[in-house]
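Here we start with a single chain on its own, the form predicted alone, put down as structure tokens.
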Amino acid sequence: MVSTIAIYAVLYASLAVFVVASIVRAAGYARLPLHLRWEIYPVPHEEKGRAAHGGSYFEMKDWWTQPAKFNRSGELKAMLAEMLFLKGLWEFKKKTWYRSYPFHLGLYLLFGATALLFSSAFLWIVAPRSWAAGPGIVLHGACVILGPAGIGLTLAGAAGLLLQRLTDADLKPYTTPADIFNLLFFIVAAGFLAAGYLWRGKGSFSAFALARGLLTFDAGLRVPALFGFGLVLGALLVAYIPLTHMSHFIAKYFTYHSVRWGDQPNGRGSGIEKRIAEMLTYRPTWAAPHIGADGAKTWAEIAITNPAQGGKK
């Protein structure tokens, strides 16, 4: 058996690291300099008629004199299609979608199963009679379905992505040791969790008992060694994710809302104008020698030079 207190400590500490690291990462993205406007349409928060043909409110006569209108339902529809179904990957890289979507769907199911599991445990603690009257059975039944499905899809998807990384010549230039390690981490953690739970011994332990023990700090709960090791690996993986480029689940919000869909006008006295004025005082140190960004010139000075003429104005 593994020390129950040690497992609790790792689980809570990993959750804390995940939350704090995600907040720090999001704050870091929010503080980055303004992007260069892409001007790629359609923008889903345009009014429905214009969004259908990729139009923009800039097409309207005297648009700057009229209040801006945003199609929030269109934006939400586009967000859900991307988050839930990886729409962009399906359209542009179907071969990868068939591996990536099961992987992401498995993670969604695992998250849902975990949320339902702890909801069931919490209900059992605060209202055991209500839990026994039906809701607890429904929540438990959902966890029994979603949990194994999530583990299976995550394993299959991660294995498929790993195989593609190792064999696809198109992906070779973009595959790093970190990519391989990350996928192996998912496979090993999910594998130990599945094996530990399946071989725990009939009636000896349940995920519900663990959730209830975590909420009540039940030190008397006995966790089988194999499953305990899987729990620790899974917790460490959760803490590890926002510390790596896998934090794209955070970056994606900024990529879409601040870059692809960012169409706010730069008016006199606007917040955008103030940010641009501040950024023009930066002294960049880009590697390209023809730009002349040596850390001495400001961005404003670089912007008014002609790189094709050796940095002359």
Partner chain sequence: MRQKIKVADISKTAREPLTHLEGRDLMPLPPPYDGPAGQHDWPPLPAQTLAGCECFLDDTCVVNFPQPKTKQEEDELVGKFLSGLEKLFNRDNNWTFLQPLVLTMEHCTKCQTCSDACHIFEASGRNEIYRPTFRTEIVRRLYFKYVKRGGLLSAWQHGDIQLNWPLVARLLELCYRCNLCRRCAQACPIGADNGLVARELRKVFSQEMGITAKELHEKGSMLQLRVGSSTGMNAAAVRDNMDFIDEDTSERAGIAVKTPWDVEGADILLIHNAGEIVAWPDNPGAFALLLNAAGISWTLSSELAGYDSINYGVFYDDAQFARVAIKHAEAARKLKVKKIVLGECGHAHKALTLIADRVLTGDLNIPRESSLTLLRDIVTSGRIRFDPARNDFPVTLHDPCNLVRLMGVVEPQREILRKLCPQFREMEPHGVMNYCCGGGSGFAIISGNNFQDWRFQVSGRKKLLQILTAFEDCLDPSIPKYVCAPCSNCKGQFRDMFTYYGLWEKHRILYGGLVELIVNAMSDVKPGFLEWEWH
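Positions refer to the first chain, counted from 1. For clarity, a rigid core is taken as the largest C-alpha set superposing within 1.5 Å between two forms. Bear in mind the structure is a predicted one, so any value in this text is a computation, not a measurement.
We do not show the form predicted together with its partner chain, though everything after this point is about it.
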**Item:** Any non-hydrogen atom of Glu47 within 4.5 angstroms of its partner chain in the model of the complex
**Value:** no
**Message:** Does any part of Trp299 reach within 4.5 Å of its partner chain in the model of the complex? Heavy atoms only, please.
**Reply:** yes
**Request:** Report yes if any heavy atom of Arg165 sits within 4.5 Å of a heavy atom of its partner chain in the model of the complex; otherwise report no.
**Result:** yes
**Asked** Closest heavy atom of Pro33 to its partner chain in the model of the complex, within 4.5 Å or not?
**Response** yes
**Prompt:** Using a 4.5 Å heavy atom cut-off, which stretch among 120-128, 144-152, 73-81, 179-187 contacts its partner chain in the model of the complex?
**Reply:** 179-187
**Request:** Only one of Tyr174, Trp199, Phe85, Tyr98 comes within 4.5 Å of its partner chain in the model of the complex by heavy atoms, so just point that one out.
**Result:** Tyr174
**Asked** For 266-303: residues with a non-hydrogen atom within 4.5 angstroms of its partner chain in the model of the complex?
**Response** Asn266, Gly267, Arg268, Ile272, Glu273, Ile276, Met279, Leu280, Tyr282, Arg283, Pro284, Thr285, Trp286, Ala287, Ala288, His290, Ile291, Trp299, Ile302, Ala303
**Prompt:** Do you see a C-alpha shift of 2 Å or more at Arg275 between the shown form and the other one, with the core held fixed?
**Reply:** yes
**Asked** On a core-based superposition, does Arg25 travel 2 Å or more at its Cα between the shown form and the other one?
**Response** no
**Prompt:** Once everything's superposed on the core, is Ala16 shifted 2 Å or more at the Cα between the shown form and the other one?
**Reply:** no
